[in-house]
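Okay, so we've got the same protein chain twice, two forms, each given alone as structure tokens, structure 1 and structure 2.
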Structure 1
């Protein structure tokens, strides 16, 4: 129904020369009709400001926002037909649930019949399973219930766009997981173009069709969850996406006949030249290992570099554990399912498949080589695809 486009959108608060803040800096992106875009980034990076500009609550300093090709910069929020779910729910405290839901419908069209409004309130309440709460005031609701009402208030109008500003941040962890599935299902059901803001990369991965990673007001990358995970455009994205954090080591890349020689201090290895395109003879690089890609040599042969590490802490998370180790004075993190017989302070040999190694240019922090699929995991990446139940087995290999 609606394609959203941002072209060079910039927002500056205050005068730029007098200590003003550039909250959003030259962001361009397109969200296709019915698509679910997640704006992901650390707090303060301009996600909310971007969302508010889309909703019409802020005016861009520069650039163009358009719906279906029509510029809406000057269109007031109330005329954009956009619905927004706020982090703190922002329910009207003096209205009961039913009035909260119906308020927008009434404002949209004063002549709408009360029967129609009541019908739609009931339909939405049923969809969200809050039929029993219609007469309660927001003060009497739990966090999860408030969240449902806030969602209901957004979907009842069947707007052109849904905007979500960290809608789950105020809920506890278990509720967050169920609600995020519900939002995902709800959005697919109604098929309305959506922009969803979060600083939680796991949430972004699981809910988004596309992810726009932002930092410092700038768009870092726009891509599908697996693109963002496997081919992060730069070091920032690589570090921000994925948990635990990626291991990063500075090193050098030297052309050596058919192969590239990589030396990162803690280990040294060759990469086939087919895997990486690099011009210079010697290049300062940053090498990245995802903890999920590091395996103990005894459990799995990766055919890649080996790293001796002294274990410091083993943090069990149920089926797997995070292994915190140290190698040549550098910290290293790995995850593994074979951890029950491990002692803290013992040493382990970790290794990683060459395809899984990330390389970044140390000067520009841009990606030189991303993570490629190996034959053994043609179903995709563990972290990203866990929802489909395929990636989980990969690690047990």
Structure 2
């Protein structure tokens, strides 16, 4: 297995002093042995360029890429011992599945006998459940089967690194869910350090050990899926990770003893000062409510602020619905399982637990308060206990 390190890696297309385009800007990160890192971000954020530099298909303008502490900037792609799986399956159309799987072994490992290669092909085909397709050509395969063959061709070489460039983008939604689970299981089984590029935050959250969120060529946050979701480093990360999008409202923050008073126009509420990492000069904030954290007051008491909203659209999604509403002239979104008796143009009262509210500095957009993972505990009528992520009591009200 291999530890991958990027130290101050920058990639500029064109002359840097003549208006060149900076695709990747000073990215530093480490991927430990056997770890599965997902590069996540919108189109044009630099994630694929970063992957191509790791694979040796692009050369960094500045910075160092290292495998196990050894710089590989000048090492050609074919000598880096990495395997890439692309969005298009890149199979040889004139070869059957067995020949596609074994092509790399036959080309690169002259010391292997034909029997050893065949045994390895059969073992990988069994792992991917395509052993019955070995005599088929790519034209006779479905999209999912083609992607399994492409994965098998990468796995069979037992490389130092797996590099995945949006490998599931061409598959339908149902097959994408199946394949991402299989990729996650395969990577865990073979234990090879992997870097996976996607713009799909659901994919990133479900398969990554760590997620590197990128925007405009810069690394915004590196952390576990839980950290990125619950403690986003800034507003961009908070908006990009999570569906439906977070509700964001401009507000003000006023310190009042051991609490902060938050006014967002649609509601006012207090937060214990121990939950908020704000300096004395922070007055203007952006308040965030995730739709999943909003509940109807009639079905669940959260001990937090209440928001009156007029429903505009109720969008059923099976066991839950997305509620689109308006409050004080501002849009609001909530997800709810108790929606069957709701009608459009109906008024509802929504509430959210204090520990699940996000706060951002309005000027820097940096996080002041994230979503605590520990649920609120009801300790009595009108009495709420809020605990921090370690379980320590913050307020007893």
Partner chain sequence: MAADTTDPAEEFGSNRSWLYDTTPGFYLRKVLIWGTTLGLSTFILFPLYWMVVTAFKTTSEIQQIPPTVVPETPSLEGFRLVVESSLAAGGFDSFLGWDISSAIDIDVLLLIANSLKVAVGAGLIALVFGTIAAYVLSQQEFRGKNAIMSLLLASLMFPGTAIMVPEWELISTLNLFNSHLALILIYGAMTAPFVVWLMKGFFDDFPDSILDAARMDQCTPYESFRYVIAPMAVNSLIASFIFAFLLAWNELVFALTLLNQSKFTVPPGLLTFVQGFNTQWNVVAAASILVSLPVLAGLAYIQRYFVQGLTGGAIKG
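As the structure is a computational prediction, the values presented were derived from the model and not from experiment. C-alpha atoms forming the largest set that superposes within 1.5 Å between two forms make up the rigid core. Positions refer to the first chain, counted from 1.
Here, the chain labelled structure 1 is taken from the form predicted in complex with the partner chain. The two forms, fitted on the rigid core, differ between structure 1 and structure 2 by 2 Å or more at the CA of residue 93.
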